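Only one chain comes next, encoded as structure tokens, the form predicted alone.
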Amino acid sequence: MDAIPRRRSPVIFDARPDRIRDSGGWRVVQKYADEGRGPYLVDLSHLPRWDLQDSDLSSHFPAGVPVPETIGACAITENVLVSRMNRTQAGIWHLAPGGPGMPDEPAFTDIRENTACLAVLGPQAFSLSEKVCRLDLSTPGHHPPCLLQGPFGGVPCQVALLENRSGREGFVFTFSRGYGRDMVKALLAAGREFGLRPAGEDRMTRMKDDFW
């Protein structure tokens, strides 16, 4: 039997893991020893992410839900977020373990190996984002969940806004994996005054009820 290849997240936190699991060759930190009281920075790079491209997106139902008709709109299930990127493209991000497998269709591409994915959750999440991002995540005109596309820390990103209520701010964003270490460094520096700390996968799972 062939051994499962080891996979490495492009994101590294300088924090001591408290609980770890192996998932298909990925070393996943479920909890860090001192995660603080929030806001939290969570690495979700190990979870599946797919790109869907088709001239008729209405014919696809990733994770059992239709692709939103409006560009920038998102649909969210128990474990998966589906976002409409443009007329012919949608993104499918797993935000927690246990979601469905990728459909065996040519319209879908697995992009997990090429991208990183981070979540910033909890109070002051938007305050720290304003220090590194020109996108205004807190404007009342946004109706979460929704997708914003633009530079974050000077890096082209796709940002999914999960919630923008005071004290329950939360967003997830993806970007080219080559920027992983620099992005983490910039975020932790910007978030130091707000108490931003690395947190494990379980933090995202526990906080889902705050966002959807």
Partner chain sequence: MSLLIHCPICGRRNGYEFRYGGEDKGAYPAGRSLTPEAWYEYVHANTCSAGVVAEWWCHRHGCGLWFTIFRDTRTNRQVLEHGGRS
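Here the structure is a predicted model, which means the values were calculated and not measured. Numbering follows the first chain given and starts at 1.
What comes next is about the form predicted together with the partner chain, which does not appear here.
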In the model of the complex, Leu135 touching the partner chain (heavy atom, 4.5 Å)
yes
With the cut-off set at 4.5 Å between non-hydrogen atoms, does Ala73 touch the partner chain in the model of the complex?
no
Whether Pro151 contacts the partner chain in the model of the complex should be assessed with a 4.5 Å heavy atom distance threshold; does it?
yes
Just to confirm, Pro156 within 4.5 Å of the partner chain in the model of the complex by heavy atoms?
yes
The partner chain in the model of the complex - contacting residues of 184 to 212, heavy atom within 4.5 Å
none
